[in-house]
Each structure stands twice: as C-alpha cells, then as structure tokens.
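There is one chain below, alone, in structure tokens, taken in the form predicted alone.
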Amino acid sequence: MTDDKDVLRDVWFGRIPTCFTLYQDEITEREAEPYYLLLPRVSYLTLVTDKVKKHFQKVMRQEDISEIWFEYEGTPLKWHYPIGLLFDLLASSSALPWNITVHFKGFPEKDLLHCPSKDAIEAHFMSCVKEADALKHKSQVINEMQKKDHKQLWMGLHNDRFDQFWAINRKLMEYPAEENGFRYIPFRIYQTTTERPFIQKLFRPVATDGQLHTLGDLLKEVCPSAVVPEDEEKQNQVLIHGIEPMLETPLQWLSEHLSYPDNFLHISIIPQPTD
C-alpha cells in the first residue's frame, strides 16, 4: 500500500467530544451528573463506555440496573456500528459535544442487538474483518495469519494501540503489484432517508481498461441519487470519518487509508445541511 502513514494516524486518533446524560425516567438515589468523554471514532460504543456505566451506576440501586444502551435524539445507537459512522450519519450537523442519553432499562429489542460482553464485540469485529478479506483477497491473507495475529488486531483496537494494530493490519492492505488493487472494495453505504440498513455490492477498484475507479464511479453505480450534475445544487453530503472526500479520489486509496479497523469503508450519505 502507498505509505501515507499520517493519514492512517489522523484517522485512528479522530475523537468526538461527547456528553453522556442519564435518561430522566431512570430511578436514582441522588442526582446524576453528566459524564464527558472523548470517543474514538474507530471504536465501538460498548467497548469504550465502561467509565460511563460505572459513573451512572454509582447513583442507582442494583435492582434498577439492567443492560445499558444509548440513544441520540430518540434513535437507539447500534453498538455494532463504529462510533464515527453513528456520528456522521445521525449528528454530523449538530453542535459539539455530542449529547448521548444513557438508559438502563426498556431495552429496544426491535432496534438493537444485545451486547452481553466484550466477546460479542470481538466476534462481530473479526467477522467483518474476515468478510472484508474475502472480498479483497479471497480470504487468503486472513487465513494465513495465526490466531495470535487475529488477537493482536483485536487487542490493538481494544487498547487503542495504533502501532500494535497496524503491524498486522498492513498485511490486509497489501496486494500483488501487477494487480493495481484489491479484487473488490469492502464498502457499505448508509442513508438516513431509507429503511434499508446499508448498500453493499461487489465493486472492483480497477476498470477493465486499467483505469482506477473513483468514489464518484462507485456512487454513480450503486447510489446514483447521491451524485448531482455540476450545474445543479448539491442535495447530499458524502462523509467518511467526518470528511467529504473529493469524488475524484481513487477508491483503492480510500480503501487503504480511510477504512475503519474492520477493513470496510463506511460511507454516510446525509442531506446537505441548511445554514
């Protein structure tokens, strides 16, 4: 992969200032102060909120506590979506800090998966990494790794260790020089305006004539409503890690540098904010 290590670092250390507030109907023994935290964009809510949980449990009775879940402006937050994706999709046009409401009862079974332990997060994360490698290398790279390599990927994310994670992840980002890129690009496109959770299709980074496909090429093919002719007013923003990449950016470069740790490009298409 091309060596733009500063980009990888900037992506990894992206943080979202967040204010957690206990839901007003939760029963407490004394007032629950809000809790402030810088959330890592590349991680998962249930992986980085142990301190939040402890903070609010201090003011509650044991019998009033069941599984913790989070909500933003009435929308339950899916813990198996990376934090940065949740923010881009639901809150990118709101002022900071991001205001998240904490619940300990009334778990929304229809909207959220249960997260009984960190093992559930690890299992979800590793299954995404394996799916991404099936698309990129027919699973050859991930299958050649040892169990300890898989563990190192997970522990790098779990402990927020950039070097530990990338020592292994760089192997997942390589490809034979003669091929100009991966077999297919692992991506998911999310929109708030549709019931469908996300769009995911097979898409090659290189066209049959050898030209590199761009982000614009991908959007034109799988989500044409996101792209408007240059002479028309822009209706949507296309966000990855909170930024709007140029539509001319090669998809292969984006996949190598702006994928989340699960090796997918998580692309949010949101209505253009009105000032």
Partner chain sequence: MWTVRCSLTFFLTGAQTAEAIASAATTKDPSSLVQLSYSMEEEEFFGEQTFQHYCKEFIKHSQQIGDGWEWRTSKEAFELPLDDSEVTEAAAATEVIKYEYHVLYSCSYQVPVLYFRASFLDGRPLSLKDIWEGVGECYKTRLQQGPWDTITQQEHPILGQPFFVLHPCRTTELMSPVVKNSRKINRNINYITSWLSIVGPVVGLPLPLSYARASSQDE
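Quantities reported herein were computed from a predicted structural model and do not represent experimental measurements. Numbering follows the first chain given and starts at 1.
Omitted from view is the form predicted in complex with the partner chain, to which the following refers.
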{"property": "K78, H137, H103, K171 - the one with a heavy atom within 4.5 Å of the partner chain in the predicted bound form", "result": "K78"}
{"property": "The single option of K118, K151, K201, R161 touching the partner chain in the predicted bound form, heavy atom within 4.5 Å", "result": "K201"}
{"property": "L39, R41 and E179 all contacting the partner chain in the predicted bound form, non-hydrogen atom within 4.5 Å", "result": "no"}
{"property": "Partner proximity in the predicted bound form: E144 to the partner chain, non-hydrogen atom cutoff 4.5 Å", "result": "no"}
{"property": "Partner contact for D111 in the predicted bound form: the partner chain, 4.5 angstroms, heavy atom", "result": "yes"}
{"property": "Contact of S127 with the partner chain in the predicted bound form (heavy atom, 4.5 Å)", "result": "yes"}
{"property": "Contact flag, E131 vs the partner chain in the predicted bound form, heavy atom cut 4.5 Å", "result": "yes"}
{"property": "Candidate stretches 94-102, 69-77, 192-200, 161-169, one within 4.5 Å of the partner chain in the predicted bound form by heavy atom", "result": "192-200"}
